[in-house]
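Take a look at this one chain, the form predicted on its own, written out in structure tokens.
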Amino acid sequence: MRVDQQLRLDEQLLLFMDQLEALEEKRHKLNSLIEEGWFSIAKARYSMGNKQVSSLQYASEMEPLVYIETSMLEDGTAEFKCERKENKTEELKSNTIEDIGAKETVSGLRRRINTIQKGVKEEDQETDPQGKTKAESGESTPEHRDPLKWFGILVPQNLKQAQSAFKEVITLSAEIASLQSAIIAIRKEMQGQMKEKQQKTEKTQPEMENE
């Protein structure tokens, strides 16, 4: 029993050290990405002008594209996951394309009629009964949801690189939070087992002295 407990502590200690090493690597990568993102923004401001890349270009109504989902695992640790809205939009687009491709066995005349009907439907959807467009009625499209569009249609490559870096920062932050939760949980478990081992050792010492 004592040998099994010692092996368990050794395994936890090795896992604890591995998690600490992984946490240090992720933190280093996180800091590098943040520096890279701000450096890219500085380059974009230099090429476009300070006033063209600032909070003045923010949309009046902003909708989050990333959500953080939290869940509790069986071992009591918290897990954090990034849920991106744009990924769902891309999945819907790909599914629609696959469905259209599977049904492309109709005649050319029928495809032409469907295309005309589809164009009429899109025009009807662009305006509501009050004559408001989709943008005016508050509905957002994937193009308008992209924050890069706030700064213009043709933005410099540096601004795209900054966006890519900060997207990775969000994902990495969730991974770091999950790893920190796991490290705290295993540290508490190790402390409890060490305390239990120490209590058993203190009880056995008087017995050995009496013998």
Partner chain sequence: MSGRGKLIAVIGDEDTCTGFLLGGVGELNKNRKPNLLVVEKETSIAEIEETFKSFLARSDIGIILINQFIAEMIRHAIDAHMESIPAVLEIPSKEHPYDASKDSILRRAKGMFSAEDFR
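What you see is a predicted model; the values in this text were computed from it and never measured. Only the largest set of C-alpha atoms that superpose within 1.5 Å between the two forms is called the rigid core. Residue numbers count along the first chain shown, from 1.
A second form of this protein, the form predicted in complex with the partner chain, is not displayed here; the remarks below concern that form.
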Could you confirm whether Leu20 comes within 4.5 Å of the partner chain in the model of the complex, counting heavy atoms only?
-> yes
Any non-hydrogen atom of Ile153 within 4.5 angstroms of the partner chain in the model of the complex = no
Consider Ser47 of the chain shown here, and say whether it contacts the partner chain in the model of the complex, taking contact as heavy atoms within 4.5 Å.
-> no
Would you please decide whether Lys167 lies within 4.5 angstroms of the partner chain in the model of the complex, comparing each non-hydrogen atom pair?
-> yes
Partner contacts for 47 to 83, taking the partner chain in the model of the complex and a 4.5 Å heavy atom cut-off | Val53, Ser54, Ser55, Tyr58, Ala59, Ser60, Glu61, Met62, Glu63, Pro64, Leu65, Val66, Tyr67, Ile68, Glu69, Thr70, Met72, Gly76, Ala78, Phe80
Taking the rigid core as reference, does the Cα of Val66 move 2 Å or more between the shown form and the other one?
-> no
Cα of Ser32 displaced 2 Å or more between the shown form and the other one, core superposed?
-> no
On a core-based superposition, does Ala162 travel 2 Å or more at its Cα between the shown form and the other one?
-> no
